[in-house]
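Given next are two forms of a protein chain, the same chain in both, each as structure tokens and marked structure 1 or structure 2.
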Structure 1
């Protein structure tokens, strides 16, 4: 009985978060804050959140603590820094005539359990230094690495995953 009640609360919270995110997106799409816009936005967002309860949003499993928000900001700063760095490295590889690549598919471990956190981790890996998520299975991520430095699991985990994981663990768990 207790667990049932708890899961019900969980579902309710999830739907509510979904609704809020969709409303935010709706206001961004419209670009105005008139009464009519908000009225129709509430209608549409409520309908979608009600009809598709298994949907995820960016804040579904977000822990709404101050640390999480701080980690979120630091995560995005780190992410964009790494994105630019990876692009410059890849551009230098592409432009150099000898094409100095050393590709390989390595296996790394992740501690994240929440769906959103895993998705964000995989996306971050795909978009940053010379790495591409090939497959995500249980706690293992298989990563294609253009400039492979080592194929040892622990070393590769330290090199690829830990930077993002430390922030995402605080944010999503």
Structure 2
């Protein structure tokens, strides 16, 4: 019974923190402390915090360890490097008169166990030009790949997933 009580306190604290964060963010965006602005902020922040007690943040399943924070910085550095590389690569393909594309949907596998880690991975793939996450189901991700190099699961996983996954695994598991 004590464990359940601890869990309830944790959920209530998380809801309260989310409410306060949403309200503060709303007030900063509005730049006004008028009664109507505060009232609407309290109403909407309270409704969102009530409807989503498990949270909306990418910190929901984040492992708050020094290694995870380091991996987070490395992840964003890797993401921006891949973003620039894929933009240049895709631009060269689009500007080429022969338009050498080889589109296709490939099936890749992720080792990530957490829902938020998988979501971050799927979004990272989609935000990188030339790839688009079509479906995320359990450990399988279906990706539309403009320059499909291989339809082999292991090769496609190494090419598309493994770089992001190495950092996300430390951050989310």
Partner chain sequence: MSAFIDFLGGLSLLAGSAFLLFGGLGLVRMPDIFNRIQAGTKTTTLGTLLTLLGAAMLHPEWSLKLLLIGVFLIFTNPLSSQVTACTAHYRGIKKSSLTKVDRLADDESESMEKSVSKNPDSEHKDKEEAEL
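In this text, rigid core is short for the largest set of C-alphas that superpose within 1.5 Å between two forms. Residue numbers count along the first chain shown, from 1. Please read these numbers as outputs of a predicted model, since none were measured by experiment.
Of the two forms shown, structure 1 is the one predicted in complex with the partner chain.
The rigid-core alignment places the CA of residue 18 2 Å or more apart between structure 1 and structure 2.
Residue 105: CA moves less than 2 Å between structure 1 and structure 2 after rigid-core fitting. After superposing the rigid core, the C-alpha of residue 123 moves by less than 2 Å between structure 1 and structure 2. A C-alpha shift of 7.3 Å is found for residue 30 between structure 1 and structure 2, based on superposition of the rigid core.
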